[in-house]
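As structure tokens, one chain now follows by itself in the form predicted alone.
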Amino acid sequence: MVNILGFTFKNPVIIASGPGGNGKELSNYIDLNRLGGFTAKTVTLKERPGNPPPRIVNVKAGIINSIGLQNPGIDKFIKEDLPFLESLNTNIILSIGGDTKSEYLSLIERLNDSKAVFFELNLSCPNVSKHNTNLEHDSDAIYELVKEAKKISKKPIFIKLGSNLFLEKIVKRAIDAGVDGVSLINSSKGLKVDIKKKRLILKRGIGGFSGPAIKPIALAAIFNIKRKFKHLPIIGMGGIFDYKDALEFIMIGANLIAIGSGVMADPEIPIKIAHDLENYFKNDSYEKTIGCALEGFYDR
């Protein structure tokens, strides 16, 4: 059992937003109720068709995706997807995205009475900005968004960020505004060239790079945040493919670990990790394992 902000999770394994869709298709392959939680695909105020194909490119040690936040919009989500999510016997986290502060706030108001435990504000999708910039680089905008979101939200607010040179500053501003936790890290930016056609493969050129290659980057980001903000809850993600990967995240301070690319490689991976972690924690304390790798670091 894992307790975060007063909510109990069966285990620390959840599905990251995106690869699992809104759960229906994935539930044909695994029992989602065996996991600690499920994060729905990012929903926006209006329907988004996503980016043109090709959307997925395999590369060494990972994949590059260019999905582009394809989703049905909040009205269809509430009517067609939310009932299924709320029928699950596990914790639901709702990921929301927008182009403006008012769009995020409208979504929170629409979803406030759902059974979800947290809101996750997606501030860092690399596949939607027209100018390769997004909200995660503007600490003042994040401060204002979180501050206003906390005024109306009935649920804890997490923000999802990528690897960023100014990550500590951004998280500090979010904490000042009242954020309850962070999700680290979103996919990084990546690109692949078709050398036969001598052109970029993805229509948008740059996509979101995820998988085993970004695990050390994710671990470093969490390390830097946890040592500065010891008590801030963290959902860790980025290239987790087995329980040993998961333990690395937990040992540097992640309270929950989210599986993203791993679900696309093998839908059974989250269940395997949850099972293996359960066995591991028969002989060790989960609570004492969180952040244990940081203990004494500065005494060296």
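When you see a residue number, it is the position in the sequence shown, counting from 1. Computed from a predicted model, the values in this text were never measured in an experiment.
Beyond the structure shown, there is the form predicted in complex with another copy of the chain, which is absent from this document and is the topic of what follows.
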Interface residue in the predicted bound form among Asn224, Ser102, Asn112, Ser87, criterion: non-hydrogen atom within 4.5 angstroms of another copy of the chain: Asn224
Residue (of Ile64, Ile273, Leu35, Ile234) lying close to another copy of the chain in the predicted bound form, criterion heavy atoms within 4.5 Å: Ile64
Touches another copy of the chain in the predicted bound form: His137 (any heavy atom, 4.5 Å): yes
4.5 Å heavy atom contact, Val2 to another copy of the chain in the predicted bound form: no
Any non-hydrogen atom of Arg173 within 4.5 angstroms of another copy of the chain in the predicted bound form: no
Contact test in the predicted bound form: Val179 vs another copy of the chain, heavy atoms, 4.5 Å: no
Residue stretch of 93-101, 189-197, 114-122, 152-160 approaching another copy of the chain in the predicted bound form, non-hydrogen atom distance within 4.5 Å: 189-197
In the predicted bound form, residues of 217-256 near another copy of the chain [heavy atom within 4.5 Å]: Ile217, Leu219, Ala220, Phe223, Asn224, Lys244, Leu247, Glu248, Met251, Ile252
